[in-house]
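Only one chain is given next, in structure tokens, and it is the form predicted alone.
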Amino acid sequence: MRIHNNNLNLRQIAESGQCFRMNPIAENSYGLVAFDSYIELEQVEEDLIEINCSDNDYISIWKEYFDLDYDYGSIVDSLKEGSDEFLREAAIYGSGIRILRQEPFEMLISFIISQNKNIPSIKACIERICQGYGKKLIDDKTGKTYYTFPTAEKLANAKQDDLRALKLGYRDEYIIGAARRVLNGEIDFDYLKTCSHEEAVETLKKIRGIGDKVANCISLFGLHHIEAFPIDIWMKRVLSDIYDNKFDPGRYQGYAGIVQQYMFYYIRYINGVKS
């Protein structure tokens, strides 16, 4: 399956801090585990991606996963034509980033794990939890062995000491608690996807161990509320150093989360961070 799109860059997406199970396997090629499936993707040309999946899987999973019906090009163009120099350069540099439509429970747990960790450490923790509590599968196209992300039931019934042995630290208690709230229906992802971003954030913050930043990340990357604007240490640097804390996300109403991703990716590049 080949996809032609001017705003779909695998390296940029893999390094954008929104997904933790998309990893390089060769030059310009990535392996990705999502929705209990494994696929391999290659950046053949700047505007051409090859995915080793069937037409049916592309339509039912990956077209939506990569948010391919959304016109990111118009946003990049509008930012390039704007008066904000930093944002113009950020949009040009990260023009291949898209907000993936990821599985909400995976994002809930992943961003609980993400607290006070860099991206390589987050990825390592997530792989350990998948190997410990996910299903071991073999992809029939590539023969690769991979592990699915654990279900809420698996993590709700996990022992705290066993999770701590996976080097999750204090987050083990939060993971179990969050999984139990999903399992018993207190957290309804179908509803949170359709309610307002503000309501979703306030609901998520009721879960022990989730503050404003993590709730906004889950809202953006797990519920696809693209008006969310998570602020982590990198974004604090942008807002302080570039904008003197006077940046107004409201100027980009309805797509501030896309703007945030361009900023986040670009400031890390400026500071020499690639992963």
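Start at 1 and count along the sequence shown; that's the residue number. Source: prediction; values computed, not measured.
This next part talks about the form predicted together with the DNA, which is not shown.
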- Message: Counting only non-hydrogen atoms and a 4.5 Å threshold, tell me whether Gly169, Gly211 and Phe264 all contact the DNA in the model of the complex.
- Response: yes
- Can you pick the stretch from 66-74, 45-53, 203-211, 244-252 whose heavy atoms fall within 4.5 Å of the DNA in the model of the complex? 203-211
- Message: Can you work out whether Trp234 and the DNA are in contact in the model of the complex, taking contact to mean some heavy atom pair no more than 4.5 Å apart?
- Response: yes
- Query: Does any heavy atom of Thr145 come within 4.5 Å of a heavy atom of the DNA in the model of the complex?
  - Reply: no
- Would you check, heavy atoms only and a 4.5 Å threshold, whether Gly222 touches the DNA in the model of the complex? no
- Is there any non-hydrogen atom of Phe86 lying within 4.5 Å of the DNA in the model of the complex? no
- Report the residue, out of Lys80, Lys193, Lys117, Lys141, that has at least one non-hydrogen atom within 4.5 angstroms of the DNA in the model of the complex. Lys117
